[in-house]
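Shown below, as structure tokens, is a lone chain in the form predicted on its own; questions about how it binds or moves come after it.
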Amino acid sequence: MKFYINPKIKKGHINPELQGHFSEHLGRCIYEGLYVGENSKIPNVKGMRKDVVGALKELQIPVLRWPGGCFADEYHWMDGVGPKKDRKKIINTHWGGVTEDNSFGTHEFMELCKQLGCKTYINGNVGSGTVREMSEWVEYMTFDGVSPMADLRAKNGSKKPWKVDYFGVGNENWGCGGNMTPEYYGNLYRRYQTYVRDYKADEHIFKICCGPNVDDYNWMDRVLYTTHRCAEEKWHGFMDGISLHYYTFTDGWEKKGRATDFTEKEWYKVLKKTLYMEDLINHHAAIIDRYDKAGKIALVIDEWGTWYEVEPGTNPGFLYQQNTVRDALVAGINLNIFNKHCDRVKMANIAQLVNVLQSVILTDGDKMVKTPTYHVFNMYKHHQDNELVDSHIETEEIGLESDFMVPNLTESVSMDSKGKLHITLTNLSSKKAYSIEGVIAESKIKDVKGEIVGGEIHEHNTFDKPETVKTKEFTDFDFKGDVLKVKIPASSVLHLEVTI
């Protein structure tokens, strides 16, 4: 297999936010996963688990989305501020029918982001909320002066305002967020976003419009058309980004498949469906291009990842699933795709952070385990804030069924601020290793370091065996002049740091 890299040709900037994350009031993501309260026996800082926060800081998480998801459009932020004993208890109607005591609210989220050192992405309530409610929430969080909401924030313990980096005006309003038509939502978006104000001239809130589910190209087109100041101008005017949601199922919504008990055919099915992300980006970006030739509107893929049946014996509404080498490949493939499309894709948020869907961490009481997906993100962090460089790899089609053939390899390459190249490769074959010969144009290779995540396709980490799948040093390479030779094992994700 031939691999070509030209470091002289820069293709775009890789925002750190392409490796963003998502935390919803769903199952054990927030409670038990991230937040245990200050009185818990589990070591914590202001209620945040020390072990989880420490592990997430290692990933250099760039941005965290909250409070949903479907939960966002039934969340009323006033319920989650003030003394905890006085906060309203509600039923989480979307996820498991359990009691939500609102002990984790705005102040707690901002504290979590402070501990993680990451940017904030707040999702507002359009489905069941009011314009005033959203306006006052933005004022509560960001206004530094005398006002009813700023005074209330100070009374509740935070005299200084916070910085809201991203704000989503509704979530999945085509479904759980109100079952709206695109034209109706588009007009609501025009109205609601008006009141997501920048109270500081130098602190712009990046406004995100609710985009489509998967391949609903009509939603993308109609929402963009409706939100224009006028159709003839072809100018967006009101938004900085528009979202896209895509989950990978084994067969479909009704047959999601198992997280650990799957066949080799299902291995290739899931990888094939993961690769569909590139088609979605290409088609949706083409629609955005019609309205935004200047490239100002970001495509924000703020929910992505695998969705399987829940683990046996767990609450079906908690969406708790295991995470195998297959999920490591899904993560690597998607992150390579996002890198390759960094000209239009400016943020992506895997679903979800802890104990839900394709999470990077699982917890059980005071125990914590890093998933294979965690280790992939830990390798890909070396792409953050880099420049994408021109690259191409020769591939061959592999698989067991004609409908689910996949390329054997995917890749992306970036250059960091010190001039080092970071190459990430995925081998989609369940059994076969491949020898790759790479040429780095007009360069002389001085040094190479490698690390790899992989193994037998079903392998995963448990609380009894937490290091079955982990990052290992990789040395099966050779280099001379501008040529780099690598042998990548089956079912693996590889990162090479190349000094030229």
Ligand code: AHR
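Residue numbers run from 1 along the displayed sequence. Computed from a predicted structure; not experimentally measured.
Keep in mind that the form predicted in complex with alpha-L-arabinofuranose (AHR) is not shown, yet the notes after this line are about it.
- Screening N334, S243, T248, Q352 for any heavy atom within 4.5 Å of alpha-L-arabinofuranose (AHR) in the predicted bound form leaves a single hit, Q352.
- Distance criterion of 4.5 Å from any heavy atom to alpha-L-arabinofuranose (AHR) in the predicted bound form singles out C70 from the list C70, I445, I42, I452.
- None of 284-292, 378-386, 167-175, 193-201 except one has non-hydrogen atoms within 4.5 angstroms of alpha-L-arabinofuranose (AHR) in the predicted bound form; the exception is 167-175.
- Under a 4.5 angstroms non-hydrogen atom cutoff, alpha-L-arabinofuranose (AHR) in the predicted bound form has E303 among its neighbouring residues.
- Among residues of the shown chain, F262 is not one whose heavy atoms approach alpha-L-arabinofuranose (AHR) to within 4.5 Å in the predicted bound form.
- Contact annotation for L34: none of its heavy atoms lies within 4.5 Å of alpha-L-arabinofuranose (AHR) in the predicted bound form.
- The shortest heavy atom separation between L357 and alpha-L-arabinofuranose (AHR) in the predicted bound form is within 4.5 Å.
- In sequence order, W307, L319 are the residues of 307-325 having a heavy atom within 4.5 Å of alpha-L-arabinofuranose (AHR) in the predicted bound form; the partner itself is omitted from this view.
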